[in-house]
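This document starts with one chain, in the form predicted alone, laid out as structure tokens.
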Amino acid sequence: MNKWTRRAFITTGVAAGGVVVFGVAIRRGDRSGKVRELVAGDGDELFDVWLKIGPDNTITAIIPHADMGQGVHTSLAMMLADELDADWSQVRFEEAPAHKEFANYALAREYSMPGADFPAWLIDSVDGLFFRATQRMGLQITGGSTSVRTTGQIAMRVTGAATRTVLLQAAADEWQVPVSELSTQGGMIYHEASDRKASYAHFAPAAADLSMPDKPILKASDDFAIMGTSLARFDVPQKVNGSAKFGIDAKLPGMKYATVMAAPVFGGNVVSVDESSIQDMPGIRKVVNLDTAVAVVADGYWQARQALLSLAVEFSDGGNSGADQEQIFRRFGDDLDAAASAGDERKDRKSGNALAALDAADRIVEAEYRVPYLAHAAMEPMNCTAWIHDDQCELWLGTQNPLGFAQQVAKAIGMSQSQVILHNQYLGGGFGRRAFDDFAVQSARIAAEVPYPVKLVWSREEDMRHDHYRQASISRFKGGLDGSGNAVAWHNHYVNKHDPIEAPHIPYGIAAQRIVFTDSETHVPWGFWRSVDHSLHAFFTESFIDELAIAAGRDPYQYRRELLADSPRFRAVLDLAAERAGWGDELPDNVGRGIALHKSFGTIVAQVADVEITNGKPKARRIVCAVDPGYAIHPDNLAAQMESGIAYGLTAALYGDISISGGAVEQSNFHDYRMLRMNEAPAVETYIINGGGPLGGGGEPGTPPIAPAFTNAIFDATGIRIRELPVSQHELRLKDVEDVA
């Protein structure tokens, strides 16, 4: 389902749901009995569906999110454990099963109504409404940098605090003392006056029968004992010693292998398949027509792959074979021109009268920026093992939305959702790609044709050419400057708006702003890509604010700083990055320094890049990153995510380019869709500010600022303004070489 549709549906449901909430009182209620057999062992006591206490006092957080390297299992368990006053050495985690009772209402509620503070008597009804909506949509997603700021805040912390409350009440009832005389620490309850103590496990059976408060009192940050520390992550030992299980590691008795080839042109279908061309090849079991793709099942992956390459298949082109990259950009430009001429651009954001301010400006600066399509290029290619047996379908894979995948697989093979059992594994890279269920549906459809388990593995070429891509785009700007070089107008017109809605918005105090967009459809499938629209709009806006600074004859850092006079958190992050980078210090002649600032997913990030130009080639030497996520739950993990986001975004800025020719993707593997190599990676320094605002995300905010910081540094060194990515397609010369020439 389209993410915008989900948001609109949920928000509309809550806004118009007064009769539902108040009349029928849809409540989330206690669902622990419905999931007991899925997650609880003998002697375990469940509290809500997110926490269980074992008879040995083990505390297990049940996490409805996948791990794709971001360490979310540890961070969310920390949030629960801190509010519970648990002993961290006794804390464990389990990933929640793909079951409708684990639909993530907390994510949907906070995503749709961020920061909403409901009275205690209404919370269960509001959560119930979101819960039922997310059940219908199969929403158990990991993405959007939402885990900590939604599930962590609304589910984990609240469950930890509420469970502590009922444990205290159970102890007070047993010991016949006031709750006010009791204290908790390290998974134990103490009554100092009588010198009594007992474990949480002792009181858990009685506490589980009590009603948990919907709005317990949460700790202030000064009282955190676990949150804000950098504890060892749960997943790291397994990933170091090789015992971690990823989707591609699945092995079942009698399992066969499959691989697929889809119609090269998006929108195409299988017209005909001639199996005679592979009938004598060894190990071949079956050819399966999947309508838009064809699959070969064999005893081994290589046999399946070689047979697929030899198979005589004819595909249609869906009428899209005439599309190519330049034609797509021409259409974007034409649609922008037509909308501007007709005055029917779609409104994004408006303040003041930007058109009048431009007319009155002493100087107008104009620029157009372009970015190409981008693939996700996860190191683990798409794969799924499916086994249909005993009137059920079992799946082994890594997915960002287990419940949604189970729902779509069930629909594809004519089963009920309860018949699909999904075993989620570690993800070898996600970045948004593993939120799309195409490969899982293919796997299940293939398994429905054979009597044994089948592991479907996409080739790297298939993965590259049949992704769901970050969109290509054009963004046009006009900026107005007064006689002193101050920015008085900001006009931005871009093509195709996706998500999040605030991605094109700027933090700068420019009174007159007009931000608009125009739709221009293509046949290329769109997908969530790390930081989604922030990845392109940060490049656009932070490049253009740099251009305004240069046009005004001002220092880019100071120019931004002056425009942030009314935004102290933004200014603090910008100042910290500039200070730690040594902004203003002298640099070698072949080194430039650039700065960029952007807020995404509730987190403010500023980055300063030092870029060296050697023989016309740029290399990032050092990146200084300052970040304010409101509060860093796991500082070391946040720093790691900044480093990861920088590497991912720098790769895209330098090399990322998915181009379309004849309606199909030209690139096929890492030889023509390059990745940043270790010898190209810069030193990264990350500095964290706990700015005290609402919690922000960590997995994506490091990506958006790196492209503009990098290209602004290139301008500083060369005087060449990069307005189209990737950088590798541009010829670079140092300023002094240009001057001599």
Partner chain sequence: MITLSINGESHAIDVDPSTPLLWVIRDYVGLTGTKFGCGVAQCGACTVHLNGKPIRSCVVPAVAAAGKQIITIEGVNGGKQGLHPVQQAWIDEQVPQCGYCQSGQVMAAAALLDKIPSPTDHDIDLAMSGIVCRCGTYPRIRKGIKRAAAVINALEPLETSNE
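It should be emphasised that the depicted structure is a prediction, and the values quoted were computed from it without experimental measurement. Positions refer to the first chain, counted from 1.
There is another form of this protein, the form predicted together with the partner chain, and it is not shown here; the text below is about that form.
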property	result
The partner chain in the predicted complex: contacted by all of Phe224, Lys599 and Glu700, heavy atom 4.5 Å	no
Contact flag, Gly663 vs the partner chain in the predicted complex, heavy atom cut 4.5 Å	no
The partner chain contact in the predicted complex: Glu380, any heavy atom under 4.5 Å	yes
Close approach of Gly242 to the partner chain in the predicted complex, 4.5 Å, heavy atom	yes
The partner chain contact in the predicted complex: Phe431, any heavy atom under 4.5 Å	yes
Location of the partner chain contact in the predicted complex, chosen stretch of 689-697, 56-64, 674-682, 709-717 [non-hydrogen atom, 4.5 Å]	674-682
Of Val236, Ala342, Leu309, Ala356, the one that lies within 4.5 Å of the partner chain in the predicted complex (heavy atoms)	Val236
Answer option from Ala549, Leu427, Leu182, Val524, heavy atom within 4.5 Å of the partner chain in the predicted complex	Leu427
Heavy atom contacts to the partner chain in the predicted complex at 4.5 Å, residues of 634-658 in sequence order	Asp636, Ala639, Ala640, Gln641, Glu643, Ser644, Ala647, Tyr648, Thr651
